[in-house]
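Take a look at this single chain, the form predicted on its own, given in structure tokens.
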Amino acid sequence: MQASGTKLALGIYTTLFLVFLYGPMVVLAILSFQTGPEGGPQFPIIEWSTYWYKHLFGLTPPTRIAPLPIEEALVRSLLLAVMTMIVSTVLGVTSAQAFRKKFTGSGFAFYLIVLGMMVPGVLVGLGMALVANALGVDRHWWGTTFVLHVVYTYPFAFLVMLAILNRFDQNVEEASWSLGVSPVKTFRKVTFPLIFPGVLSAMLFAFTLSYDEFSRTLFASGRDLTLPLAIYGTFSVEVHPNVFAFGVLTTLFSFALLGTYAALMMLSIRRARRVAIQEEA
């Protein structure tokens, strides 16, 4: 009886948590379908329309409400996220590979890496801006902001790969070495395919964290705005439903990214199982 009561309480708690988590997204989606061009954030919806989605792509007549300035900002955020994902993942894989064996100063190096995700983003961004100004370095999204994003996302990729490699069976590598295969080729042909699911997870972490990073970007991006800064600059003055429509599209993009990640993960797992079956045969 007590166990059933505990399960019921946990079920209620989980339900309330999910409502709290996804409720704002549902409200945002509903408000994005109101009529325009004068419709504001009002509820309940008087008249349903896809006007603000058309407005987002410039398919409506000109009005006093200007389109969201997101085209260049979106491209910058995507490029920045891809650059950060590549560098952080490579650093995470190589450094986690190095930490498979203890070395002098490994503890200090570990906490130095993890420090990047622990320091508040506002302080790091402000510090980067002050250092850049003192050295006479121009702040750009591809320079100072890129460095901060790597410093922030690299620890996440490192911890993911460290967890994967700590569970990795080193006997597989030793068997390859005993056959005369070089360490570089062993990593490329044996180790990397087996840890590829972890690499995908590290890439996903780095991309998503960089794509929507705000506090570290605020002080270090200079005049070129990324997507979070452009959206903030828009709704800090006046909120219109075109922001809600863009939020819905961004959420769908995130789900599509997760779907791609899940598909690649399933393919990787199937490939690993086929390799294991071939080795047993």
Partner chain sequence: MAMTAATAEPVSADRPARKMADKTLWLLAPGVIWMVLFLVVPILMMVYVSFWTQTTFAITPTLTIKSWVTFFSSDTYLSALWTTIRIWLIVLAATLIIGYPAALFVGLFVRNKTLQTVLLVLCVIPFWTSFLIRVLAWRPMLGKEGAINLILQGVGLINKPIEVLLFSELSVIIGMTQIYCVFMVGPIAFMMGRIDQSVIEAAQDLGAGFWRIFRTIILPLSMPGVVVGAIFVSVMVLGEFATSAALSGRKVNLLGNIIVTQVGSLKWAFAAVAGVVLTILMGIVVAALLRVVDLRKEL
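Positions refer to the first chain, counted from 1. Just so it is clear, the model here is predicted, and its values are computed rather than measured.
Not on display, but discussed next: the form predicted together with the partner chain.
- For the options Leu123, Ala163, Ile86, Leu79, the residue carrying a heavy atom within 4.5 angstroms of the partner chain in the predicted bound form is Leu123.
- Listed residues Ile65, Leu225, Leu56, Leu28 were compared with the partner chain in the predicted bound form; Leu28 is the one with a heavy atom within 4.5 Å.
- Within this chain, Thr251 lines the site of the partner chain in the predicted bound form, having a heavy atom no more than 4.5 Å away.
- Taking non-hydrogen atoms only, Phe33 never approaches the partner chain to within 4.5 angstroms in the predicted bound form.
- Lys101 belongs to the set of residues with a heavy atom inside 4.5 Å of the partner chain in the predicted bound form.
- Taking the partner from the other structure, the partner chain in the predicted bound form has no heavy atom within 4.5 Å of any heavy atom of Trp142.
- Contact residues in stretch 101 to 128 (any heavy atom within 4.5 Å of the partner chain, taken in the predicted bound form) are Lys101, Phe103, Ala109, Tyr111, Leu112, Ile113, Leu115, Gly116, Met118, Val119, Pro120, Val122, Leu123, Val124, Leu126, Gly127, Met128.
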